[in-house]
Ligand SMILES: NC(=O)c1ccc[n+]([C@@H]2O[C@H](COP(=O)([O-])OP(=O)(O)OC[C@H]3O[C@@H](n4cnc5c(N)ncnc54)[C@H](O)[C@@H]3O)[C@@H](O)[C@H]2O)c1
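Here we start with a single chain on its own, the form predicted alone, put down as structure tokens.
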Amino acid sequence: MELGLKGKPVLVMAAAGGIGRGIAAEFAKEGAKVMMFDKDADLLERAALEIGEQTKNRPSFQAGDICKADDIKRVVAQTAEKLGGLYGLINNTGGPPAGKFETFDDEAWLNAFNLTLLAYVRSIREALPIMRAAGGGRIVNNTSSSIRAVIDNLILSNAFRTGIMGLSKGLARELGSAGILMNVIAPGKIDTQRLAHLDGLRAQRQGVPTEELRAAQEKAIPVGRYGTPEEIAKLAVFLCSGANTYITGQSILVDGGMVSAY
């Protein structure tokens, strides 16, 4: 299948590791011009170098704080200036802290809102004028399987991930006539540092070894294992590609069949 991404400028948020890095690497494989954004400049530089060695197409990178409006504005503007526009935007962040409702005060809720929802609003706001001027584009918002089935002890994530779905569905209706397609990816248990951290917390609460908890969780997934960032990346790249001409406003689970809800 011809994806038509060669030379296309793409911005990937939270790209120094995990799912974001996997997505950046997959775009680089397809010949896209990639800008990686994250907080840690050293990790970003290392990731860009390694992706460049693997794909012979080294991404650009820009360090900044995804919770700061000025940093988002700057990276979108620099992407357009350095890469010659902005065709694809991958919104992605780390998750807010785990915990139950009673453990979080107003500051925790505001921080989670800034990280998990407002950051997406800001990057989309900055990207839209560039995409409109170019006659179209693609936006993919990475969330969580919790948009279909809430996850215990992740009340902050549960609340704001579903907000991203409402935002994306509404914007897909507003932007379709401008040639801008917007979709949501909802990963299940993907083998990242974030999941390892959450598994550790769950294992501690249950008083079992982390390896035992992971084995039990993998057994409950129909395909029998955790997913990989590369498996998320392949879907993100397709949704942003020229091969996708009619899918917009959709949320797609990538969870190995874990979630039984429709």
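All residue numbers are counted from 1 along the displayed sequence. Owing to the predicted nature of the structure, the values given are computational and were not obtained by experimental measurement.
Although it is not shown, the form predicted together with the named molecule is what the next lines describe.
At the 4.5 Å threshold, heavy atoms of L195 reach the named molecule in the model of the complex. For T93, a non-hydrogen atom is located within 4.5 Å of the named molecule in the model of the complex, even though that partner is not displayed. Looking at L115, you'd find a heavy atom of it within 4.5 angstroms of the named molecule in the model of the complex. Using a 4.5 angstroms limit between non-hydrogen atoms, F27 is distant from the named molecule in the model of the complex. Distance criterion of 4.5 Å from any heavy atom to the named molecule in the model of the complex singles out C67 from the list C67, A216, L201, V223. A heavy atom within 4.5 Å of the named molecule in the model of the complex is found for exactly one of S123, T79, T143, S168: T143. Listed stretches are 52-60, 233-241, 202-210, 39-47; the contact stretch with the named molecule in the model of the complex is 39-47, by a heavy atom cutoff of 4.5 Å. Annotation for 160-180: the only interface residue with the named molecule in the model of the complex is R161 [heavy atom within 4.5 Å].
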